[in-house]
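To begin, one chain is listed below as structure tokens, in the form predicted on its own.
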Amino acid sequence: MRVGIVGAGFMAETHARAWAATPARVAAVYAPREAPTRELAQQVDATACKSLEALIDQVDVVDICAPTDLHAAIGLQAAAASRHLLVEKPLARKLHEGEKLLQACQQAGVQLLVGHVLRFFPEYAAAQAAVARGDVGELAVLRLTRGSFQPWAGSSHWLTDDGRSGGLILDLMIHDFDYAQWLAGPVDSVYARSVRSREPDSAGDYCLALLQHRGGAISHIEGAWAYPQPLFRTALEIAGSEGLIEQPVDSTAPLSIQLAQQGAAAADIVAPTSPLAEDPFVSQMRHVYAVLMEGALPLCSATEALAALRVALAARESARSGRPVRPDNLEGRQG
């Protein structure tokens, strides 16, 4: 299986390292800047292409690690050439772009896979499995936290351009929007407040989003670009009628599942103290390979990725307007 990576930045390098652990071969790399393209291509012994068309001609799968606002256009061109797609999250910058790309891939009969890598982190996967088994009963409240420093602070990098990246909500918090729906199902309503919705020129950003799930559960999702370098902290807490799952901010602590007592002492089920036995990006690429070459079912469908995009855009609109927003009522060009 020949893979072509579009992009030559941080995520392109991350994907390239992960592909190296699979039977697939990175055969081509393309990015508008010639020097980074050539450097990454040399690292993986691939062809440095001078155009997207040249890359598409040489590969079976197009892995899009370009800026978010370019995902849809690149994906549409690849789908038109009957190439399978792996798109780094989010699926697209605008809702109508994501919908168009999903439709194009369906019509072309090609796979559209989206890099919601959080599903491959062992502690998050273990918590989801416990919920799916019914270990903690009926879900009530999910609290998910994700925070880091402001990426590329003070630079003109595309990620700092809200119009291109969608900012904190679309680039970072979308991980937890996807995860919350994986556990608790579709979202009926989103209410969010953020620093930059009030102070657009703030040096950092912080957002709290409340999701009302159709099944009755509520998710509190906290995101921040506010920590000093090099901190990156995450946490999860999942409360159900029969127990509690916790992964505290200290990421070295084991996942804890506290079950309701039923005639015996409450049980603790813990994951390994060092859960990252394999890089989650490697796990993700092994899964992508299995989907494309062995017929495995995608862990995250394109429809689910579109739902995560819809919730993220609803959170952006709610933070802007100060009112709850129903994701299903978003217009196709919502951004």
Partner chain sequence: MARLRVALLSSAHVHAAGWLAGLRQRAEVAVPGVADEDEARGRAFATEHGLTWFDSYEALLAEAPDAVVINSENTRHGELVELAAGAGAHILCEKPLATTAAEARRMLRCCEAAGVMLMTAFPMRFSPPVIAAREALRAGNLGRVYGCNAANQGQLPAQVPWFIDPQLAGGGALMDHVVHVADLLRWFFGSEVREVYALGNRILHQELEPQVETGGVVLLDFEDGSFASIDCSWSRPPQYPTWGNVKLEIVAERGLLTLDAFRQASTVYRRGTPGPQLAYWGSDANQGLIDEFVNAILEGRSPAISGHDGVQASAIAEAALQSARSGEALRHQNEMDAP
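Everything numeric in this text was worked out from a predicted model, so none of it was measured. Residue numbers count along the first chain shown, from 1.
The protein also exists as the form predicted together with its partner chain; that form is not presented, and the subsequent description refers to it.
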Heavy atom of residue 204 within 4.5 Å of its partner chain in the predicted complex: yes
Please determine whether residue 211 contacts its partner chain in the predicted complex, using a 4.5 Å cut-off between heavy atoms. yes
Is residue 106 close enough to touch its partner chain in the predicted complex, meaning at least one heavy atom pair within 4.5 Å? no
Answer yes if any heavy atom of residue 322 is within 4.5 Å of a heavy atom of its partner chain in the predicted complex; otherwise answer no. yes
Find the only residue in 126, 159, 76, 218 having a heavy atom within 4.5 Å of its partner chain in the predicted complex. 218
Looking at 193, 164, 100, 119 here, can you tell me which has any non-hydrogen atom within 4.5 angstroms of its partner chain in the predicted complex? 193
Location of its partner chain contact in the predicted complex, chosen stretch of 109-117, 78-86, 133-141, 178-186 [non-hydrogen atom, 4.5 Å]: 133-141
Taking only heavy atoms into account, state which residues of 210-239 are within 4.5 Å of its partner chain in the predicted complex, ordered by sequence. 210, 211, 212, 216, 217, 218, 220, 222, 226, 227, 228, 231, 233, 237, 239
